[in-house]
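So this first bit is one chain, no partners, the form predicted on its own, shown in structure tokens.
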Amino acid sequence: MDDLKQDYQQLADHLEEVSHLSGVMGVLHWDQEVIMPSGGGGARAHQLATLSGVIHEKSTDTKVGETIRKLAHAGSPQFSEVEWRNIQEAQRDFERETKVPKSLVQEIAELSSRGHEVWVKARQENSFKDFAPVLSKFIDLKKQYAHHIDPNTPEYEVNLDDFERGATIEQLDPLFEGLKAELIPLIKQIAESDHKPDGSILEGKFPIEKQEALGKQISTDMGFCFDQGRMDVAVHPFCGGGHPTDVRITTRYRDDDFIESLYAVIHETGHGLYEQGRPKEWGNLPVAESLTMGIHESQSLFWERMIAQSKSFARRYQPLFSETFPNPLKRVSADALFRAINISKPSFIRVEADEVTYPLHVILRYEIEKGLFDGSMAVDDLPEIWNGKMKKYLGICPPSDAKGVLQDVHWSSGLFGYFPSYTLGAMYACQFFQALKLQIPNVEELVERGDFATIRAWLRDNIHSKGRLYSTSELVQQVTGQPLSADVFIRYLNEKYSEIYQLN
């Protein structure tokens, strides 16, 4: 028994070392997107590739593999629940990573760094042909990656598993087809309604410094700890950093639209609260990490949509909005503000899309990624394919590649299989919110009072503090009492937008 304890401690020390190195990688990625000089891209690519190689070597050390096998063979009764979960996670990661050559890991990391720089320039110049070679190379590398891990599973599904463990094409296809069948008619009904909110009340000039102050105030109200985090500006809003005590969120600003930046702050603060709420008592070990990207997105979307797009949030913050931007918001009522921030209208940019149209942006990308991996779509045809699907699903056609196929950062980093997490997260968020309301019926009253501590504590107790102790399906069942259901999400959207647009 003492030998097992010693072996477990050696494994834990090793896993924490790898976690620290991964944290350094996270800070380097944040630095690259936020403050790195534009001329540093080449050196940074080599730095990230080298660090990826070091992490890969440590993660595939044969002695570590022997220790994992010994501990796994001893069986769960010999360990606590947390210890056993660490062993399971370590075993899964070791088995996957030992199948992938170090050279391929480094090549992917280097292309990810270089690809980001190429993407930024191509997007600025509206030139998909300049980004296409990077995308083609990434598809090839990620196919190789998938083949090494599991040659008997579709290559896209292996990549999908990196973000949504256990998710399959067989599960997602009918789920997304069902969403399309419900949402496309709802979007059409909304477009044809004669009772549209007045969006002009949110038009005007909004000084950036006032937007920054407003965003930081609301992030603080939500409970984000700035002693263990910071807020900056990036081309694409994100949440990064290297540890729960060093969480970095970003947004972007436009002086003619304060809602976009504010709700990006709220969204990324949701991610940040999840990171800051992870169980520190379990150390820098796999069991203490966030679960899946879908669960991570559920936390950002919970705050952005369930809380910050509610009537009670509008009532709470209408006075502050009016004080911050008296022209044009001085005489705007809370009800008019609620309706305005919930306008539903097809738009070109995913991150600016409303909660009704957003899933179709995700489904479009999911279908394209599947097509790129199974060979039914070619990279050079993507602008045409993209625009065709936008027209079919949302009734609009992007005027440029910058507002179409080039708008997202994900493909420049090789993040294939990530997009489904956004819509899965929206569905999880909706179910979590329904569960919260059953346990805390006066949640709307709490929001209107600005009492976010109760809500944050509920999320921390039920989700953040669980880390990876349970699978996604187990966690959702525990919190909501049922499996993931698209019906809950569809019912929520139908009820909310039928009221706003007075639909029959």
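For every residue, the number given is its place in the sequence shown, counted from 1. In this text, all values refer to a predicted model and were calculated from it rather than measured experimentally.
What comes next is about the form predicted together with a further copy of the same chain, which is not displayed.
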Using a 4.5 Å heavy atom cut-off, which stretch among 462 to 470, 432 to 440, 52 to 60, 65 to 73 contacts a further copy of the same chain in the predicted complex?
52 to 60
May I ask you to choose, among D256, D227, E170, E384, the residue with a heavy atom within 4.5 Å of a further copy of the same chain in the predicted complex?
D227
Option touching a further copy of the same chain, based on a heavy atom within 4.5 Å in the predicted complex, out of R350, K370, R278, H243
H243
Contact test, all of P101, R114 and L415, partner a further copy of the same chain in the predicted complex, heavy atom 4.5 Å:
no
Is R248 close enough to a further copy of the same chain in the predicted complex to count, meaning some heavy atom within 4.5 Å?
yes
Distance check, L484 to a further copy of the same chain in the predicted complex, heavy atom within 4.5 Å
no
Partner contact for E474 in the predicted complex: a further copy of the same chain, 4.5 angstroms, heavy atom
no
Exercise: G40 in contact with a further copy of the same chain in the predicted complex, heavy atom 4.5 Å
yes
If you apply a 4.5 angstroms heavy atom cut-off, which residues in 89 to 127 are near a further copy of the same chain in the predicted complex?
none
